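Shown below, as structure tokens, is a lone chain in the form predicted alone; questions about how it binds or moves come after it.
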């Protein structure tokens, strides 16, 4: 936001026509506990001792996917420990009298045939039936729109007043992506494809310059895309990651799948399957070797395990796990998400049919998604808009300091100022704004990260402890989290000498 935007934002509320002030707060603020773990603060002694073959640490999509895969194949002697009171990581969601809404991930693209694990789960939960899409869960039309030059257009590639240079470069870029996609080297999960080490070591701007791409409209669109999927500016992204965003997906994708609560819908399906293993509100503060096994300590229990799956963010491991390598080369994008409760839809919104995903050209934010978009109600004035902002213009450390220092009112005003560019009366429509600040929301695929020594050490694991967070992929999306969780689960079963077809669980 510009300084002028932020200064002007409080005055937007003067137009609320004597309505009560907008209320709200920060939500899910777990950073004090995270800093306590980082700083090796003292925790109460455990009240319970348990022996269990496997402990999974972290109940984001990686940890839940590991549990899903183990349970489905008959192995059920494990626990899954979660620091926070709600499982799900970046797929957590909220609910109000108006609608459910996401706090992070809010859609899943249609999996192609190179994503067998995703398709296996989607068949189980009814998103696919014998390989065919369940259209009930597909995003309704219109899916996307862009506010540019004072008007809305459908689709996110700029078309209003597009220059001939911009049009030619968009066409040529699309052709290049088609060529890369046809090679089959770009896959999701990317471990099932082939990474070009030269592209991965190169910055995206250098590749674009070498290939003659510099049109302002295209540069904005590519920068929006890297901020959307990676939480980072184009200038900081590897060329491989910048191209992977486009080249790994099928171009005839009919998706995405989405729901009012975003990926919280998938979270609920997984919790229904493996929730019996999950212990929330039980942060792990130490994992140490003990006579060839692992002692996993929480304030509630002390677990003695043969193996551990570390599905929590990799950077935490060196602060908690004995012998863990430092997460050198790992970088994380800070994010702010605000959920705005609207008593009515802004007047300007009626000049074009509301889309699910709404983006403002030139804005540092990612725009907003409409939680009630999937509703079949003929007329609905109340809604919840989820506004996303990756703090990509600062270094990650500086952005995290900013998140800690700024009061809730700052983000209230910033969100209102941003949305007022397209909806001048937005402040008169909103009654509540809740804000979630996530200092380490997404892994950043910086140049050279996938080939870095720090990542290779994590991939190897050690002494029966296996790392499984999606940050190992450098891309924080559901498919990568699922793959990492399942791969760690496979390795655990191999180490325990158990065949997935003959395993028997220990009574719980």
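Positions refer to the first chain, counted from 1. What you are looking at is a predicted structure, and each value in this text was computed from that prediction instead of being measured.
The form predicted in complex with a small molecule exists for this protein as well; it is not shown, and the discussion that follows is about that form.
For residue 478, a non-hydrogen atom is located within 4.5 Å of the small molecule in the predicted bound form, even though that partner is not displayed. Heavy atoms of residue 27 never reach within 4.5 Å of the small molecule in the predicted bound form, leaving it off the interface. Although the partner is absent here, residue 412 is not a contact residue: none of its heavy atoms lies within 4.5 angstroms of the small molecule in the predicted bound form. Interface residue remark: residue 205 is not counted as part of the site for the small molecule in the predicted bound form, having no heavy atom within 4.5 Å. Heavy atoms within 4.5 Å of the small molecule in the predicted bound form belong, among the stretches 308-316, 400-408, 240-248, 159-167, to residues of 308-316. Between the small molecule and the residues 277, 224, 388, 330, the one pair within 4.5 Å by heavy atoms in the predicted bound form involves 388. Distance criterion of 4.5 Å from any heavy atom to the small molecule in the predicted bound form singles out 320 from the list 267, 426, 320, 148.
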